[in-house]
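For reference, the chain that follows is the form predicted on its own, supplied as C-alpha cells.
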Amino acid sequence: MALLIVDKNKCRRDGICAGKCPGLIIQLPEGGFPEIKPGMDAACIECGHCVAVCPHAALSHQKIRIENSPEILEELKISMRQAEQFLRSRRSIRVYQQKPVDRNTIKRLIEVARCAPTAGNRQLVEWLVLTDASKIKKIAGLTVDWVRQIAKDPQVAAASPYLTMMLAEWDAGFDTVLRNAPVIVVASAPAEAMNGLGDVTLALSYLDLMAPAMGLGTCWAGLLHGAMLNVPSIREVVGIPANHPHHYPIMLGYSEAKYYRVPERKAPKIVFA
C-alpha cells in the first residue's frame, strides 16, 4: 500500500510536497500525482511535512493521517509581544499547593509535550508520572543521602555552598529537593536514541511551557537528576527503565503564588562570527 494518499480532486500537482520533503523522496511524475520514489519508502522519517505543507488539504500519509492533523488556525496565532511575555513570565515554582493534579490534565499536558522535535523524528521519549506522596518523599530522602555524601568533599562544599543550606533546611523539616510537589514527571529515552538527552530536554521544555496555560507550575529537579546519574539504586526506586540512560525529572503542581512582573535577567553574551 502506498505511503501517500492523494485526493486527486483537491491536488493541484504544484509539487510543494515534493519540494519541501526533507528526505527528497517524493516525486511528481509528469502528468501524474505526488508519490514516493520507487524503493524509498523505508527512507521516510514520518515527519509529516508533506501533510502539513499542502495548502489544499489534498495529501495524507499512512502513518500521519490528515484527519488527525488539525489545521493551523490564524486566529490562534500569537503576536511577538504575546510570545515574549509568555516566555519571559515563566517561573520555577518551588512552593506548591497540596492539591492533586487530575490524571487527565497530566495526560493532556504530555500529549502536547510529545510534539517536541526529536533527532531523526524517532519519537522515543517515554514518560513516568509519580503521584504517590510517600514514594516522592522517599526519593527526596534518598537524594538528600547522596547530597550528604558529596558535601563531605571540601571542594564540592566550597563550589556549591547551596548544598549546605539545602541540607540544613531539610533537617529543619522542609523538602528542599522536590519541594513537596504533588507530581514528579520523568521523561526518558533509550540508549538507541541518537540525541537522547536533547530529545528529553526538548520534550520537558514543551511540558514546562505548556503547564502555566493549564494553571500549573513546574521546576526542574536538578538535585534528583544528579542523584539518579550517580546512584543506580535511586534510578531503580524512581522507576527508570534499565536501558534508558537519558532522563530528567521535573516537578509539577499548582503554585502557591501568583506573579505580577517579569524580572530582568543578565544581558546576553552574543558573538556574531
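Predicted, not measured: the structure shown is a model, and the values here were computed from it. Throughout, we count residues from 1 along the sequence that is shown.
Below, we turn to the form predicted in complex with a small molecule, even though it does not appear here.
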Answer for Gly222 alone: is it within 4.5 Å of the small molecule in the model of the complex, judged on heavy atom distances?
yes
Looking at the partner-bound form in the model of the complex, is Arg265 within 4.5 Å of the small molecule by any heavy atom?
yes
Non-hydrogen atom contact Tyr162 with the small molecule in the model of the complex at 4.5 angstroms
yes
Would Arg114 count as a contact of the small molecule in the model of the complex, using a 4.5 angstroms cut-off between non-hydrogen atoms?
no
Going by heavy atom distances of 4.5 angstroms or less, which of Gln97, Gln149, Ser92, Gln82 would be at the interface with the small molecule in the model of the complex?
Ser92
Just to confirm the contact call: exactly one of 43-51, 214-222, 25-33, 239-247 touches the small molecule in the model of the complex at a 4.5 Å heavy atom cutoff, so which is it?
214-222
